[in-house]
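Have a look below at one chain only, the form predicted alone, in structure tokens format.
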């Protein structure tokens, strides 16, 4: 892998909360169009890393590069405009708005300003068609008119994913998108993410606990433990690493 292949690079990133070291000189690289998986036991620093990557948290030290640009000091909205889009473990939806309205609001990212979202009939029609295309792929098209608060937990996770995809990301940061979703649907979500990656060239950094489903779709894997990368490599190599088994089993 060369620097020209990289879309995103977090280099020697550290983050502490008081005396607790959440991230300790973590380096993670995400190539163009790749699905990179980050795993580790609870409390290992995975979600903290995603929050640093999307700008919710500022690192104490280290650098974040996106498409060759230093984005370490950029706020979340500026990173979003560049194409860094995040889905959270707990969906951040507008509960009183419909499923379709939630997706349309996310689609504002590709417009010059929010006021231009419905500035013309053609613009409105194009956005609605694109939103329904994503909703159909995620089996949410039949609940398009329901308020988000009426959805099941699994459907809320899917709506969070739909909002992310409709914004046309270049890098998608996913925090446990399979949590609370039944195994069959979880497999379908991973297959869909892999299809988006292949056909649209969207790079992904995925944090996930359901390794039986996620590992088979990953190009490269990082393992965090106590805020440090203890192993990295292909899914096969990481699974066979004794350090990984020790971290998960506590041996």
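Keep in mind that what you see is a predicted model, and the values were worked out from it rather than measured. Positions refer to the first chain, counted from 1.
Unshown form predicted in complex with a small molecule; subsequent notes refer to it.
Asks: Only one of 187, 43, 62, 201 comes within 4.5 Å of the small molecule in the model of the complex by heavy atoms, so just point that one out.
Replies: By the 4.5 Å criterion, the partner-contacting residue is 43.
Asks: Check each of 238, 10, 22, 229 and return the one that places a heavy atom within 4.5 angstroms of the small molecule in the model of the complex.
Replies: None of the other options qualify; the answer is 22.
Asks: Heavy atoms, 4.5 Å, the small molecule in the model of the complex: which of 212-220, 190-198, 35-43, 62-70 makes the cut? Say which one.
Replies: It is the stretch 35-43.
Asks: Are all three residues 17, 47 and 176 in contact with the small molecule in the model of the complex, where contact means a non-hydrogen atom within 4.5 Å?
Replies: So, yes: the whole triplet contacts the small molecule.
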